[in-house]
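Only one chain is given next, in structure tokens, and it is the form predicted on its own.
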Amino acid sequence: MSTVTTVVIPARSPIRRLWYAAPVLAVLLVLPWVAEQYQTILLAYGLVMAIAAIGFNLLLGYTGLLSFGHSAYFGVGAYAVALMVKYLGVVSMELHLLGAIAASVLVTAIFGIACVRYTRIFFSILTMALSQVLWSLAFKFFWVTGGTDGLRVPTPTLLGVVTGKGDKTAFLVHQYYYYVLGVFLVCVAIMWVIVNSPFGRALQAIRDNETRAQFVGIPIWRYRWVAFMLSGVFTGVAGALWVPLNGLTTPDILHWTFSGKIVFMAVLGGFRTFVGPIVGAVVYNYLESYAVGYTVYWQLFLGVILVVLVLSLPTGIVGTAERLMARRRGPR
């Protein structure tokens, strides 16, 4: 009679993985002092889009819902800042963020009631349709939103200190870059806690098998609705941070094609991983910037590059890197 011995390998603690982020954080901290100003501003854009990407990935990667409407929440955050500046005279970045969060919660709570009742293609189409409603409203109410001319936003105060009175480029490269970096780290930490909490595990259970999740007592609709709101709030925060960098907000950011960019960022980096959307957002931002400067046919050029990357890296940049590292370590 043979005896089968089962060897249980303990899973690697998620906390231990945080140590791998230390060298990356060191690079982010010293970059403004060693890199060109343009490179630092590009990275600031990448960090802003990374916040939007991790918010979006809470739906796609952890809840299993593909949204083509996240441009709506990004635009809501951006327009909340622009309208607060124009009509209320608010110049504090902290108040801008609070206003963007409040506006995002309001919009996502209403949209979520209609959207999370559906899944698969119906959810995707409905989110895209609702984002197009906001896009059309931004055009129609041009006396409020500025229409295609947009709304200009001056440099804000950071932590109550007026820092943008001099050279705006220097302000963006140093003070505002570190402000964006700080908000980015806070958002990443909060999202890390969310996805590794019992709530995050329940979302993954819903993604993997909705029927079983319902049988064990998980309120499917309520959890999806909360995830929808959290996802929109993160994207709205990204929109609020994006406005001072861009200096202008227009209805273009409300269009569904902008949502496609956010989707592609998550897929490019690897939406089945936590870090993937962050890497994908930074890489996509650099690829798009250099493609625009390289050729007038930048959309064709960028499209070919992205198609090649997706076909050669089906699990994304981070997913492929993890598979290669696991293959090198070999079976234990």
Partner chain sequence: MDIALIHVFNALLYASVLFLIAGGLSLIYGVMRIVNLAHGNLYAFGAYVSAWIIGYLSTSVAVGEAGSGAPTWVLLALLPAGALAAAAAGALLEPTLLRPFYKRAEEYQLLVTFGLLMIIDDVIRFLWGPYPLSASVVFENFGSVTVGDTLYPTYNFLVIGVGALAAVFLWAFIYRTRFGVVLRATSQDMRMSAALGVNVNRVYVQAFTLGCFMAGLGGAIIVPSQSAVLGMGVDALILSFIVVVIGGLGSLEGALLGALIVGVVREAGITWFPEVELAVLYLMAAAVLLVRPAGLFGRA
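Numbering follows the first chain given and starts at 1. Quick caveat: nothing in here was measured; it's all calculated off a predicted structure.
Here the subject shifts to the form predicted together with its partner chain, a form of this protein not shown in this document.
Residue 133 is the only one of 133, 248, 159, 98 with a heavy atom lying within 4.5 Å of its partner chain in the model of the complex. The contact residue chosen from 256, 177, 225, 199 relative to its partner chain in the model of the complex is 256, the criterion being a non-hydrogen atom within 4.5 angstroms. Stretch 124-132 is the contacting one of 124-132, 187-195, 76-84, 216-224, since its residues have non-hydrogen atoms within 4.5 Å of its partner chain in the model of the complex. In the model of the complex, its partner chain lies within 4.5 Å of some heavy atom of residue 306. Taking the partner from the other structure, its partner chain in the model of the complex has no heavy atom within 4.5 Å of any heavy atom of residue 45.
Using a 4.5 angstroms limit between non-hydrogen atoms, residue 296 touches its partner chain in the model of the complex. Shown alone here, residue 109 lies farther than 4.5 Å from its partner chain in the model of the complex, counting heavy atoms only. For the three marked residues, 89, 91 and 151, no heavy atom of any sits within 4.5 Å of its partner chain in the model of the complex. Residues of 76-111 include none with a non-hydrogen atom no more than 4.5 angstroms from its partner chain in the model of the complex.
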